[in-house]
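One chain comes next, on its own, written out as structure tokens in the form predicted on its own.
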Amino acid sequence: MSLTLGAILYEGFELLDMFGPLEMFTAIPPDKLQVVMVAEAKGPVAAGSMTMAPGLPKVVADFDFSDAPALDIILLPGGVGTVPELENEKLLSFLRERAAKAQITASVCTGSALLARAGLLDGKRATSNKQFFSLATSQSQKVDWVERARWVDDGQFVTSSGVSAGTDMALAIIARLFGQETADQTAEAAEYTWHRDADEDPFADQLNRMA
């Protein structure tokens, strides 16, 4: 039986946060894993970037919050659009409702700030983008925030550090769900050097440098 991964889009999401992991996830055969794009409203959603440059690509959401299928995995990116989304109760409510039913809810970068804002990480271990770490930690004091981690796997919730770390996290999730050999083959097919140690964080010394 195929699992369904819902990639959650919002205005200003970081491109690599989303498409680094999706490059790995979409390598899994569709009879095992299918990916759907979900946003508050169907249609094109403008991406953001670290430089906040204008004219970035738009990604089409196939489903909105009201008609998205059952999701076994949720993938939530960060990006420059995170801050306004912290006040978006429609998104936060959707995350609360769907995370309760998902096997895994995964965030990349400042996406963990949204999960924390929704109250989903209370009592959990989690991490976030190191250079903007306080954005996540300020959303809840009930989270065990891990400053030195490439990603943190707390069972139902898996959170990664900034941008490129999401790809390493995605491969770890693939290893958990589909086996280590599948994860290894996926990384090799992409000619990607997988940082396999979740505790090895080369950017931990940049904590809140850009906050």
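All residue numbers are counted from 1 along the displayed sequence. Given the structure is predicted, the values throughout are model-derived calculations rather than measurements.
Keep in mind that the form predicted in complex with another copy of the chain is not shown, yet the notes after this line are about it.
Using a 4.5 Å heavy atom cutoff, Thr26, Pro29 and Arg150 all lie near another copy of the chain in the predicted bound form. Think of it this way: in the predicted bound form, another copy of the chain has a heavy atom of just one of Gly155, Pro57, Pro69, Gly179 within 4.5 Å, and the residue is Pro57. In the predicted bound form, at least one heavy atom of Gln206 sits within 4.5 Å of another copy of the chain. Taking non-hydrogen atoms only, Asp64 never approaches another copy of the chain to within 4.5 angstroms in the predicted bound form.
When another copy of the chain is considered in the predicted bound form, Glu188 lines it closely, a heavy atom lying within 4.5 Å. In the predicted bound form, no heavy atom of Arg117 sits within 4.5 Å of another copy of the chain. Interface residues of 1-21, taken as those with a heavy atom within 4.5 Å of another copy of the chain in the predicted bound form (partner not displayed): Glu14, Leu15, Leu16, Phe19, Gly20, in sequence order.
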